[in-house]
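Consider the single chain below, provided in C-alpha cells and representing the form predicted alone.
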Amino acid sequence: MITVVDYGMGNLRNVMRACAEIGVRAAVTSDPDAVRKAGWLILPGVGAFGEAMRKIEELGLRSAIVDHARAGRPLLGICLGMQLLLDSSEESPGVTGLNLIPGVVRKLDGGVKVPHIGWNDVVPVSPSPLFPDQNEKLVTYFVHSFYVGIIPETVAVTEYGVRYSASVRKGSVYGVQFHPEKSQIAGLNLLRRFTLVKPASWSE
C-alpha cells in the first residue's frame, strides 16, 4: 500500500485517483507514526517551499519523513515534494529542507515565461528503477517556478530556459519535478514502477 503525506499543500485527490487507476491501495495521513511505518511513501506538493516546510514542522512530520527514508523504504517526492528533499530553496531564504539530497533549489530564468506550465520532454541520463529504458524519452506535465539543477543524484533531465533535473534519486529516495498523476500513461507507468521499487540504503 502507498501512503500519501498530507501536510495541507498537496494535490491529494489526483494522486489518490492515479493510485486507484494503477490498482494500488493508497491512504492519506498526517500522522508521523503512520509515515514512519509506511512501505511506500509519496510526498506531493503545490505551493511555496517555506510554507510547506513550516506545515511539515508543525505536524511533526520532518523527522518521520527522514526516518522513513533513512530506514531504506521508498519515498517519492512530486513537484514541490521533490524540492523539499533538498537542503534549501532560493524561494525561501533561511528555510531548511529535509536534507535528504544535497543541493539548492533555484528560480527559473533564461528568458522564459514563469511559471513553467505544460508538457515537456524528460530524458533519462542515469539508471533508475523509475526509468528502466534509458533510450525512452517521456513527455510529462510540469507546473513550477523553481528547479533543481544538474546534480550527482540527477537521473533524468528536461529543459526550459535552462537544463535541469526532471528526476533525482539517492538510494530509496526519489523525486520528480513533473506531475506523474497528471501525465497520463507515462505518469501512471512511472507510479506503477515506483510501487515495485525495493528498499535500498539511503546512503547509496
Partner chain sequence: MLRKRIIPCLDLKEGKVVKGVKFIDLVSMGDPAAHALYYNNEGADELVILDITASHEARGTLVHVVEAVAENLFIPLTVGGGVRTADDVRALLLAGADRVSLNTSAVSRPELISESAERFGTQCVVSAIDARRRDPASPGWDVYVYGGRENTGRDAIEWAAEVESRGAGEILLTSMDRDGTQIGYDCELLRAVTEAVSIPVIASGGAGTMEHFADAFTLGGVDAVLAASLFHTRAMTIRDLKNFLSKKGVPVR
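Positions refer to the first chain, counted from 1. Computed from a prediction, not measured in an experiment: that's the story for all the values here.
Just so it is clear, the following notes concern the form predicted together with the partner chain, a form of the same protein that is not shown.
For the partner chain in the model of the complex, the listed stretch (128-136, 96-104, 109-117, 70-78) containing residues with heavy atoms inside 4.5 Å is 109-117. Remark: residue 87 does not count among the residues lining the partner chain in the model of the complex, judged by a heavy atom distance of 4.5 Å or less. A residue is said to contact a partner when one of its heavy atoms sits within 4.5 Å of a partner heavy atom; residue 8 meets this definition for the partner chain in the model of the complex.
Contact check for residue 17: a heavy atom falls within 4.5 Å of the partner chain in the model of the complex. Among residues of the shown chain, residue 143 is one whose heavy atoms approach the partner chain to within 4.5 Å in the model of the complex.
In summary, among the residues 171, 149, 32, 47, the only one with a non-hydrogen atom within 4.5 Å of the partner chain in the model of the complex is 47. Taking a 4.5 Å heavy atom cutoff to the partner chain in the model of the complex, the contacting residues in 157-181 are 160, 181.
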